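Next up: just one chain, as structure tokens, the form predicted on its own.
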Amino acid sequence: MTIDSGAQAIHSDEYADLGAVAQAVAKGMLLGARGNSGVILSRIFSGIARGLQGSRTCDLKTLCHAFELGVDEAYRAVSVPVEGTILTVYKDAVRYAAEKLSGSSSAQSYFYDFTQELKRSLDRTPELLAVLKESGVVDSGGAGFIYIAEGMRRAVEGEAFEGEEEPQAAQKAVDVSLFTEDSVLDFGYCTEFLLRLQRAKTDIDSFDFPAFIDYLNSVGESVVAFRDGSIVKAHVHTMHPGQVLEYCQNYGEFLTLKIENMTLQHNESEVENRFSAPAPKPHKRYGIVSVAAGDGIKTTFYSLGVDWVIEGGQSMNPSAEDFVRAFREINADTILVFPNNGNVILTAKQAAELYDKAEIRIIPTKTVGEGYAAISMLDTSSGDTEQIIAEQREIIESVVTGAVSKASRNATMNGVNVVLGDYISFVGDDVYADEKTANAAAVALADKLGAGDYDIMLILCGRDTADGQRQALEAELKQRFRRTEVILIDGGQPIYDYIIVFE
């Protein structure tokens, strides 16, 4: 998704040199970055773009230097770099290819050396990161980068792409019965377009983009707009798309245009997550953004006072643009962000760097349990942001979050024999039990973590757990741990049958 965001940012008819193309790709990847590896990847390309800035073309020496700047940029993006990840794989390959560079080198030989060392370095990642070695796998981010590098190598060698083109998703039929003659347009129209500014209509160099955004905000909401040279990309929810289109044509003509009835989308239960948040609230000192997957969990967060819940979680990494969109919707001086997944924290930080209309502070919650505990005990009455964040960190440290999920392969982890298809319970990377049922795995986890020593045991039930199954688990846990309050919530989350929060 990150690399595709870069590719989608390129408009081949408007770039005069390599440096401009590189800048466009880097910008697109910056906004589309998802997950730690995606953010690091976007930083790699940002460094490469910096090295190619102003270059119409480049020789191997320039390219090699640009790739080295990619290493520097990637390592600066991570507060605590972890070796054995995409960082190491890319760094090793850049240094090896540079060492092999000679007067007889060609682009083909450079990329051959580069890709070969990528593969060797990837094979070494389990020796650098214990969790990879124990799991018997290599780093996924590094493995993904190899595909990108192979694409580079094939391009410089002039190799034709022989694979199948990615099939386009079939156009879904519109169920017109969901918006009848008596329906009311409650949600307006989702209007998106690319507008090419025209010299015959406006002075492109002095085009007042802030005023353009102000107009969109005056006739709609959920405005997201970016300018890239003479092209303006915009998204707005409005009751009157005709007004928007007529206004825009004062400055240029449309390259692409999409208008969708959001009331129809809502009735189909397909409306995007950003439309499910409560109506914008008046200006306040602090706003809250949280990340979660599962309708029950999102509803719970809203009930705790969260202003905006971004859809995301394990295997569902939100993009930096998703965060920026959420920031735009909150009218607050300071916005506290709860990523609730270790793989989302870096994306949240990158989004914070992109947004300057409010102070963005990241509370480094790595699990939904940490986010729930922190938000439920959030006290902003002091008005002292540093004190608030310090208190939140203390709360996070006192919470243990476990989970139960079906095993996807056979393995031995922490001395536990994991069998494909069984249910495992774990905390972070540590597996505690392998059982035949999800309930048995949950009980085993509670036993091994000493649930009786905690005041509260919060159980977030996944979307695939049946009512009877949940009730049986609740009864057994209450019987075993009489002094601990057991609370069940229909979380509706994917992947995990149960998320168990010990407080």
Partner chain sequence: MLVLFTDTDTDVTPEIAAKYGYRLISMPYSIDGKTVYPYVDFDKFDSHAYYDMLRSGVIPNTSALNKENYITYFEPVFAEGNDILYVHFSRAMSATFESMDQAVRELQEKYPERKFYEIDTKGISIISLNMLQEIGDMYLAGKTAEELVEWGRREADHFAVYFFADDLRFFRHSGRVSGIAGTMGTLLGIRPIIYMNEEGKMVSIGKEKGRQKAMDRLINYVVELGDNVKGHRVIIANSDTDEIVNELKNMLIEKFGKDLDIQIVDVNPTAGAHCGPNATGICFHSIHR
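Positions refer to the first chain, counted from 1. Every value quoted in this text rests on a predicted model; they were computed, and no experiment measured them.
The protein also exists as the form predicted together with the partner chain; that form is not presented, and the subsequent description refers to it.
Judged against the partner chain in the predicted complex with a 4.5 angstroms heavy atom cut-off, the residues Tyr90, Ser121 and Leu128 are out of contact without exception. Within this chain, Arg483 lines the site of the partner chain in the predicted complex, having a heavy atom no more than 4.5 Å away.
Residue contact check for Leu378: one or more of its heavy atoms lie within 4.5 Å of the partner chain in the predicted complex. Interface residue remark: Ala466 is not counted as part of the site for the partner chain in the predicted complex, having no heavy atom within 4.5 Å.
In the predicted complex, the partner chain sits within 4.5 Å of a heavy atom belonging to Tyr372.
Contact annotation: of the candidates Val416, Leu304, Ala407, Val324, the single residue with a non-hydrogen atom within 4.5 angstroms of the partner chain in the predicted complex is Leu304. This chain is drawn without the partner chain; in the predicted complex, the residue among Ile495, Leu18, Ile10, Ile489 with a heavy atom within 4.5 Å of it is Ile489. Only one of 94 to 102, 357 to 365, 198 to 206, 296 to 304 places residue heavy atoms within 4.5 angstroms of the partner chain in the predicted complex, namely 296 to 304. With contact defined as any non-hydrogen atom lying within 4.5 angstroms of the partner chain in the predicted complex, the contacting residues in 447 to 462 are Asp455, Ile456, Leu458, given in sequence order.
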